[in-house]
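Below you will find one chain, with nothing else, as C-alpha cells; this is the form predicted alone, and questions on how it binds or moves follow later.
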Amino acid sequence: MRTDASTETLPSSAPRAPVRVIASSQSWVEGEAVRQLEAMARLPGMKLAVGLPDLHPGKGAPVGAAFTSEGFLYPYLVGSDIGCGMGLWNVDLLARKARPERWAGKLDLEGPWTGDTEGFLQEHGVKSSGYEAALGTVGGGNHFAELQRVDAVHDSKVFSALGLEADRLLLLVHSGSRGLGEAILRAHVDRHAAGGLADDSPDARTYLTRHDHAVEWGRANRALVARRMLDGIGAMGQRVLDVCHNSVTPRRDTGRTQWLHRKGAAPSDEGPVVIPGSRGALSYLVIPTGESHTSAHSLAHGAGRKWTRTAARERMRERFTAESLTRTSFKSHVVCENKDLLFEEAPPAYKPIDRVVTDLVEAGLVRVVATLAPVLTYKTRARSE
C-alpha cells in the first residue's frame, strides 16, 4: 500500500495533526522549516508533529523534529542516515595532559579499520551488512569525533553517578550507519518514492527489520570510531551513553501502536544525552525532566544549522582563511582537510547552542548536568580536489 508523502501532493486543506514548535521568541526558526513541519502533519495517520529548538529545513522534511503516526510509518521522515546518534566515552586521561596539537598531526580515522571487523561486530551482537569497509569511520557532513574537557559541573550528583570526573577528558562521537542507511532508504524510495507504508504490510516489516539492523550497526560504528580515536592518543575509555537521533520506533502509550519518527531529535526517554554545539562552542550534558509526551519524547540533538552549506561556504570564504578555521575560540584544534567541509561546518553556520538548551530548560524538558568544551575535533583527513 502506498501513501504519497510528497508535500507537493498534499492539499493545504487536508486534516492536520497538532503541530508544536518548542522554541522561545528569542530563538530564530526559519519559516521554511515550520512549513515543512506543517506539511508533514497532514500525512495520513499523523497524530503529532513537534519541532525542537534546533529545527531547520531538510530535503522535503525538517531536521530537528519528531512525529508520531498511527497505521502508517514514513521512512522518508527518518532519512538516509538511519541510526545516526551520539556516543560519549569517559577517557582515562587527565585533561591537563592533553596534547591536541600533537594528536591533530597524527590522528587518522580514514579508510577501513585493519582489525577484525567481523569479530568486532560479533562482540556487539550485530550482523555484518556488506558495508564493513566503512565501519569505524566518521563520515561527512556534520559528523565528528571530539575530545572534550569539562567546562563546568551543574549537577554533581548526576555527574558522579555517571562515573565522570571533572579533571578527565571525554570523547563525543557523532556518526551513523554510513552507506547502509542510505541503501535502505534508496530501496524504499525506488518502490514507494516518498510514500509511507501501512504498518501491517510486508514492505513495512521488511523496512523495520533493515532499519533495526542499521540502528545497531550505527551504534557499533560509533564504538569503533571511539576505539580508533582512543588508540590514536594512547588512552582507554568507557562508554557512558549512546543515543540514536534518526529512527522510527513503536510506542503503545495510548493502548494502540503508534510510530515515533525522529529526524535529528534525541530521545528524552533513555536517560542523559549530550547536545553538542558547533565545533567552536560548548556541548551540554543534560538529563531529561518533566512530561515528555508534549515533545514527542524527544529533545534537540544539536545546535541546528542557521545557514545552508552553500551560503556557509560563500560567507566564510570571504571572512576567514581555511587555516584560521582549524583553531577555535576555545584554542581547540580541528582536523578537517576538506576545505569545503571546513567552511560549511564553521561555527557561525550554526545556531547558538546556549539558546537551544535554554529553550529546552525553560520548557521544563531538561536539566543541565555539565558543559563540555572542545579540545580536538576530528572531521576528515580527506582533501578536496
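All residue numbers are counted from 1 along the displayed sequence. Here the structure is a predicted model, which is why all the values come from computation and not from measurement.
What comes next is about the form predicted together with the DNA, which does not appear here.
This chain lacks the partner; the member of 131, 159, 72, 113 within 4.5 angstroms of the DNA in the model of the complex by a non-hydrogen atom is 131. With the partner omitted here, the residue from 268, 247, 278, 142 that has a non-hydrogen atom within 4.5 angstroms of the DNA in the model of the complex is 142. With a 4.5 Å cutoff on heavy atoms, residue 179 counts as touching the DNA in the model of the complex. Within 4.5 Å of some heavy atom of the DNA in the model of the complex lies at least one heavy atom of residue 81. Although the partner is absent here, residue 309 is a contact residue: one of its heavy atoms lies within 4.5 angstroms of the DNA in the model of the complex. You can rule out all but one of 195 to 203, 162 to 170, 142 to 150, 234 to 242: in the model of the complex, only 142 to 150 has residues with a heavy atom within 4.5 Å of the DNA.
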